[in-house]
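Presented below, as structure tokens, is a lone chain in the form predicted alone.
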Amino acid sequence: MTGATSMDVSRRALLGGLAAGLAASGVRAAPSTPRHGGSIRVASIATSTADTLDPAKGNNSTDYMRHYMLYSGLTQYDGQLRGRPGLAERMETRDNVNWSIRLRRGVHFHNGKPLSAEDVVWSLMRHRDPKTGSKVANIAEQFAGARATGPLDLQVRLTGPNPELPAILAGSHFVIIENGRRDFSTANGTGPYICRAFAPGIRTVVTRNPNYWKPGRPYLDRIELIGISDEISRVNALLSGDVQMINAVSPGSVKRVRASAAHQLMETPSGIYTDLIMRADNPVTSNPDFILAMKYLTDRELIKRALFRGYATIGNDQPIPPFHPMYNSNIPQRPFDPERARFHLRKAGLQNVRLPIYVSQAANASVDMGSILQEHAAQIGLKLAVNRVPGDGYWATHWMKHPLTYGNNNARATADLTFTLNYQSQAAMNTTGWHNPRFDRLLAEARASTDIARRKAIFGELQWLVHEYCGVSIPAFITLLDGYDRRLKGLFPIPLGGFMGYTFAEYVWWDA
């Protein structure tokens, strides 16, 4: 189509592009001799009673894994986080506003219902309904409308141009459910596995979908997904053989895992970070000078060296990592500077103030980060009371509920998604409650632009605004460490997150 943007990629081209992307990043492709059969248990760091089978409400890495097991998206990420064909065989546009989508033939839901364009229309537009409670409602505001034009054809109209729609639709929140589905006591998707048991906060059991639309996949017969929030307990479960795969291995446990002849580690550089959240709805933590004081008190080099033992990339109080194509390298690196922090604290009139700060093993490395910050704060006259709370219930009970808390933030495929989901004023996951009209306006401009240089310039300014004014301190981007049984094959890093960007289930196989 002359003058059109098209996502019309053959299966061979997709696999070739994935292999090329992996080769460029120094990752070897998995062996091409997978076997069918086998059952594994997987332990994740994040689990809660709010766990859900509704993709729209996914809130943590375990939800994302579960949803990728049970559902499929219109597109899916390759090794370079580009949106490639999934349920959508083809996506075409001439103006990045009006998109024509053709679905694959022969795809069926787990209950036998054929996939149709009406299912896709329902799945996309339900995110706009406030009753849904979608975590990506602010992203879906771009969907001006969607309508079926045939059994397998539909058109999606955006409120403005966005050339990144294929990458957006590859996210786990946008996987496809059947038309009219409101009951999520069980799951009915088109994904590689079928839900057999689901107990929020406890476990999920899935079995192989024999009618999966990708011939030959998946390979495992059964997967049980559980949560073990304590890292030492999680590593012990792996080394004892109770589970065959875990995420969030701490750098301190690397030697233990590598000392085992039966186990291995996979490293994934990522844009994931643990952040200090300073709420904008509190008069102390919303003070601009208090925010700067806390940022200058953050000892990034110490955090990288002592907490992550080098398995991290230094951050600069904004969410785009240095290896991202939209990274703004012109923002000076903020140093650890206690005297400057003291100046801003005095300017804010907050010396000798006592503040509680909440930490938990649920927020990766936050217990130690909080202790380091407490020690530095005491030297400049700020009294931080570190409250260590259990991992169970942390996200529902404490995260963002106090003036100072720590959180984990997952990487996103694009800068647009990162800023829209976590920093736009109306975003459900705007953790600080930050409201900056200029930021919101520039974000809309970046999204609408099809000029790459223009987009990068705008995203660069957005990074500067967060760096300077937002109540978030981002010390480092975490290199993810997954531990696994050597008999588990087919793994390779995808920088979206651990467990192959949460999509491991359809790729891995058991060699035993």
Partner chain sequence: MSGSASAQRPTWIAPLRLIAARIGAALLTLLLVSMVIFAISGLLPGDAAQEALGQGATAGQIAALRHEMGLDQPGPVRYVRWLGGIVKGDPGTSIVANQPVSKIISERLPNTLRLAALTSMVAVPLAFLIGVFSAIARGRRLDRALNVLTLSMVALPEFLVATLAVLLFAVKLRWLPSIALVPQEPTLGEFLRAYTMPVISLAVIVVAQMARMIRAAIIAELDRPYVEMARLKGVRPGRLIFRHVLPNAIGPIVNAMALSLSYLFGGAIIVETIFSYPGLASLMVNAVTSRDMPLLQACAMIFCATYLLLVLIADTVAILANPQLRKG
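Source: prediction; values computed, not measured. So that the term is clear: the rigid core is the largest set of C-alpha atoms that superpose within 1.5 Å between two forms. Positions refer to the first chain, counted from 1.
There is another form of this protein, the form predicted in complex with the partner chain, and it is not shown here; the text below is about that form.
**Student:** Of 151-159, 87-95, 330-338, 236-244, which is the one stretch near the partner chain in the predicted bound form, taking non-hydrogen atoms within 4.5 angstroms as near?
**Tutor:** Of the options given, it is 236-244.
**Student:** Is there a heavy atom of residue 377 lying 4.5 Å or less from a heavy atom of the partner chain in the predicted bound form?
**Tutor:** Taking the distances in the predicted bound form, the answer for residue 377 is no, it never comes within 4.5 Å of the partner chain.
**Student:** With the cut-off set at 4.5 Å between non-hydrogen atoms, does residue 201 touch the partner chain in the predicted bound form?
**Tutor:** Yes, residue 201 is a contact residue.
**Student:** Can any non-hydrogen atom of residue 423 be found within 4.5 angstroms of the partner chain in the predicted bound form?
**Tutor:** It does not: once the partner chain is placed as it appears in the predicted bound form, residue 423 has no heavy atom within 4.5 Å of it.
**Student:** Can residue 434 be called a contact residue for the partner chain in the predicted bound form at 4.5 Å between heavy atoms?
**Tutor:** No, residue 434 is distant from the partner.
**Student:** Could you spot which one of 316, 414, 134, 268 gets a heavy atom to within 4.5 Å of the partner chain in the predicted bound form?
**Tutor:** By the 4.5 Å criterion, the partner-contacting residue is 134.
**Student:** Could you check which residue among 210, 283, 130, 349 gets a heavy atom within 4.5 Å of the partner chain in the predicted bound form?
**Tutor:** After the contact test, the surviving option is 130.
**Student:** Are 47, 228 and 256 jointly within 4.5 Å of the partner chain in the predicted bound form, each by at least one heavy atom?
**Tutor:** Contact check passed for all of 47, 228 and 256.
**Student:** Would you say residue 193 moves between this form and the one not shown, meaning its CA shifts by 2 Å or more once the core is fitted?
**Tutor:** Not so; residue 193 is displaced by less than 2 Å.
**Student:** On a core-based superposition, does residue 86 travel 2 Å or more at its Cα between this form and the one not shown?
**Tutor:** Superposed on the core, residue 86 moves its C-alpha less than 2 Å between this form and the one not shown.
**Student:** Versus the form shown, are the CA atoms of residue 430 and residue 161 closer or farther apart in the predicted bound form, given a shift of 3 angstroms or more?
**Tutor:** Relative to the shown form, the pair is closer.
**Student:** With a C-alpha distance change of 3 Å or more, do residue 161 and residue 431 lie closer or farther in the predicted bound form?
**Tutor:** Note: Cα gap between residue 161 and residue 431 shrinks in the predicted bound form.
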